[in-house]
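Before any questions on binding or motion, here is one chain by itself as structure tokens, the form predicted on its own.
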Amino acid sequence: MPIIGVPRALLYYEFFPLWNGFFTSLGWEVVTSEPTTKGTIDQGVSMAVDETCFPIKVFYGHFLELCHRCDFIFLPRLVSIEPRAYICPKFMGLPDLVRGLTTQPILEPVVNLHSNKDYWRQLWGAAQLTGAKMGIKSNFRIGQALLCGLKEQQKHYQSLNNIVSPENTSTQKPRGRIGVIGHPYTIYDPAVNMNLLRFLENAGYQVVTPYNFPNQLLTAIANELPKELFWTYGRKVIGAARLWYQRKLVDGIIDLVTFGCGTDSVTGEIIERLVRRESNLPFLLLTVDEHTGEAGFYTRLEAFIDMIQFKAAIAGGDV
């Protein structure tokens, strides 16, 4: 059985159900790199140029781990993943960035879904190109595999949205609820975020992220700003922050950004100004990279939690 490798990095954390459903439906075995470790990070840092953002450095480590373990490595050339928005330009150039590191064959279909008119044609074209490079000539098989992948992706979104809904906020919260905003590959990779989510949960807080809410809702709220954002994940994080403080869904907000991210440098500043101007929620901006140390990281988190608890005590008349 042919084997295709998927690096456990970047948009793996959002679209792996789609990719896995597509390839397994075509009879291929899908393997992924192991969860991120310090070794993964060190290997990626040693191969990437210094100016590269932290998540791309982590990706390098995962990519190199998969070399010679599979017949193909799946690395789509991503331009846009939804109408009227783009993602980071580095995603578009990833196949070119890593091509010189290995002789391993790379599957690199172009995914550009920016146009509403051409959305399904572009998606079908990417699936068809991938299937053709795998030696599959039947458009029917490719179409069935694409539908299977899309169904798996929809199940994934539904499972995330069921965690918390703006219309149903009755989820038990022992001490409170903290919203963590950021890119999926930062929020859901424990090695990248220094086990942030586990730390908050161990402190007794329920954690919610932008990916627990429907994308259409977050986009609509983000688009209420004077200028429409053209970054997909910029819309998600700004929309989530505004949703949370407008509807009082969280007791505090943490903005988790990575050093060297151009979009984070813009959206992080916007979010901080909005939260401080339009709400009185405790807000913490955390920046992580390969040099982040545990001591300072957790000290800031402990101070943030103390601020939330002090604010709650004042509201309850205990101070």
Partner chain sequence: MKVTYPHMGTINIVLNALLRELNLEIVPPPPTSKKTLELGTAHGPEFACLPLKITLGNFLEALEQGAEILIMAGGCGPCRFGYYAQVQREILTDLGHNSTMLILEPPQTGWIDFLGKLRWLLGGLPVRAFQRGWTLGMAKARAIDCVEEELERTRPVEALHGVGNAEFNRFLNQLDQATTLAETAKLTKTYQSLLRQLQEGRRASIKVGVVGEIYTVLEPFSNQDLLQRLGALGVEVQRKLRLSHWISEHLTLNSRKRRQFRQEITALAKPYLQYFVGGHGLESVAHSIQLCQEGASGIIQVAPLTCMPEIVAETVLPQVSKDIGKPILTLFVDEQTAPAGLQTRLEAFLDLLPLNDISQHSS
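Numbering follows the first chain given and starts at 1. Values in this document were obtained by computation on a predicted structure and should not be read as measured data.
Just so you know, the form predicted together with its partner chain exists too; it's not on screen, but the next bit is about it.
In the predicted bound form, M134 stays away from its partner chain, with no heavy atom inside 4.5 Å. Among heavy atoms of A126, none comes within 4.5 Å of its partner chain in the predicted bound form. Among heavy atoms of E269, some come within 4.5 Å of its partner chain in the predicted bound form. In the predicted bound form, no heavy atom of E201 sits within 4.5 Å of its partner chain. For the candidate spot formed by F72, E82 and N215, no residue has a non-hydrogen atom within 4.5 angstroms of its partner chain in the predicted bound form. Residue in contact with its partner chain in the predicted bound form (any heavy atom within 4.5 Å), chosen from Y245, Y205, Y185, Y86: Y86. Shown without its partner, this chain lists K90, R177, H156, R141 as candidates; in the predicted bound form, only K90 has a non-hydrogen atom within 4.5 angstroms of its partner chain. Partner contact region in the predicted bound form: 74-82, out of 74-82, 143-151, 207-215, 186-194, criterion any non-hydrogen atom within 4.5 Å of its partner chain. Heavy atoms closer than or equal to 4.5 Å to its partner chain in the predicted bound form belong, across 201-229, to the residues L225, P226, K227, E228, L229, ordered by sequence position.
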